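Both blocks below hold the same protein chain, though in two forms, and each is given as structure tokens: structure 1 and structure 2.
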Structure 1
Amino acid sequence: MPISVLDIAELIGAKIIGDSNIKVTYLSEIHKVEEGSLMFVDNEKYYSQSIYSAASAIIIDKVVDCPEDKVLLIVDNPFEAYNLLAIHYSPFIAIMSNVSPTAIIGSNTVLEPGVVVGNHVTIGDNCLVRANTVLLDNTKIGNNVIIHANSSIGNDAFYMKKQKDGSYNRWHSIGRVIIEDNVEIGACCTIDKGVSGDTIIGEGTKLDNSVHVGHGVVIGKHCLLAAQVGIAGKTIIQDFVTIYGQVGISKALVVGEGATILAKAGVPKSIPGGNKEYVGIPAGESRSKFREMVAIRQLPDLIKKVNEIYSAIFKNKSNIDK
């Protein structure tokens, strides 16, 4: 629903620079803005990225030069202003009954005992939600989805803003979790909603137990995620990716289509797909990583050998392990 920047400026006490007649449609994070977006920036490092982004209006703590079509909303604390708007337009409402009266549940869908369904959750047909799983507000689930026991879907994003005194303020999340058709989610999984966009689990993807999916993560179709995998916020996992147990994937990166990530790997940056296989911390292509692992086993002997050589050619210098 488009909202006038005049109304917004009044709500957050901002001074408007630019056309005060425009309307905005989305509250957006800097990662993902489009025409109609209202975003905020409070760090000079990101001023220029923000001003030349597609966003229509920007909450900012300083008057800066900017393209004519942008509207600036000047406030002292842009983060607080943004958060106030998020809470105003998408207020938190506690879940008051096991199945919220605002939830929509498809035909032939079974909710086992202890399942809690939050406000405005929708679940498709032929789904099975096993005992004691919690589906939090605005979660949207397709058809033929199975969610095992004790999982929590649609938790608030773990997205904290550090204050000057070192304490943290939570960023109010307004995104959702969207689970497409034929997905299966294990027991004790945690899937957080997006801060401004949605967290998406693509069609046919299967998650084992105790998998953590951070805010705004987008997982493609027909992926396999084994137990205890963790994926940090805003990361994109493309289609047909296989991730073995206890892998950790850092935030805001891309795992390419068809990639395989072996158990316990830690992925710190984007990796291409195309049937490549990765392993290690930090993860690399498995062929070279396995070669390194073999080499490490030879390392104690190598050190001895180098010392032997060193003694032979520089007789008067001392060795490494002395």
Structure 2
Amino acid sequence: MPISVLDIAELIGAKIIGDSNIKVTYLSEIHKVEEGSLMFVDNEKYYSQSIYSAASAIIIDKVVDCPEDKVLLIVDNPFEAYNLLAIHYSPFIAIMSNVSPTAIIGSNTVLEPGVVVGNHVTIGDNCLVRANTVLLDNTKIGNNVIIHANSSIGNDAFYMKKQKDGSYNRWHSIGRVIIEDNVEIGACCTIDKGVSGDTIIGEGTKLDNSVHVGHGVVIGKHCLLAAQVGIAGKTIIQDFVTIYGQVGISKALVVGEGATILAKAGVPKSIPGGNKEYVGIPAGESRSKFREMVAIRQLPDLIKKVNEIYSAIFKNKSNIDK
């Protein structure tokens, strides 16, 4: 339900600048705001982006000009205030039984021994969850999903805020993991929930063993991810993408529809789709990368030939001088 900024200001000890009648519905990160969002900003570099975003209310550490349709909540430490709200409205609740009484399990779904199903988890029909898998709070799983043994889904985001003394504080995660229909998750996979939004595995996508999906990642439909792929937070993998083993993909980028990333590649920036193939570190189109690899292998012979030519030139020069 919408919450009054007056109640929020009282909870976090904030001074209100702007329309105090505004109500908010979501706690949101800066890149996921919409109308009704409450977000925080504590870096002057992002003041303008925040104030002129779709967010309705902003927790901030400085009085700045504010549009009439927004409200500022002034506090000394916006991050701590945001975290306090996240914990207050989405507190930790321990799992007290293998299957929480608040979980909803569909028909013909099989949970093998050792499976743990957390609070408010929803599992669809005709699913198979293999032994010792953990489905943490608020995870939502569609129909005809297979999750192999020892996977852990819905873990807290690995999202830290560095403090002035060099230590780190964890952002309290209030997002979810959503796994759509006909997905298969391999053994020993780990999938983190979003900080404020959802981590999504699209319909028909298949994950091999030991794949890690970071917080807020969105993977499209009918993708294939081989073993030991790691995807950092907030990245978008569009539909029909194939990712071979041990590929590492950096945070907050886009892998275009139909792209193929070959084994052991490192992807530090967004790459287009269009059925193109990528390889190497940093990843590039395979045709040009393979030419580079061939050229590098030929480099020692080239250097040797160049040295021989220079030696011959200087030897001839010495003879001429004599």
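Source: prediction; values computed, not measured. Numbers given to residues start at 1 and step along the sequence of structure 1. Just so we're on the same page, rigid core means the largest C-alpha set that superposes within 1.5 Å between forms.
Discussion item. Structure 1 or structure 2: which matches the form predicted alone?
Written reply: That would be structure 2.
Fill in: residue 10 C-alpha relocation of at least 2 Å between structures 1 and 2, rigid core basis
Shift of 2 Å or more: no.
Item to complete: Answer yes if the CA of residue 23 moves 2 Å or more between structures 1 and 2 after aligning the rigid core, and no otherwise.
Response: No, the C-alpha moves less than 2 Å.
Worksheet entry | Rigid core superposed, the C-alpha shift at residue 309 between structures 1 and 2 in Å | A shift of 4.7 Å.
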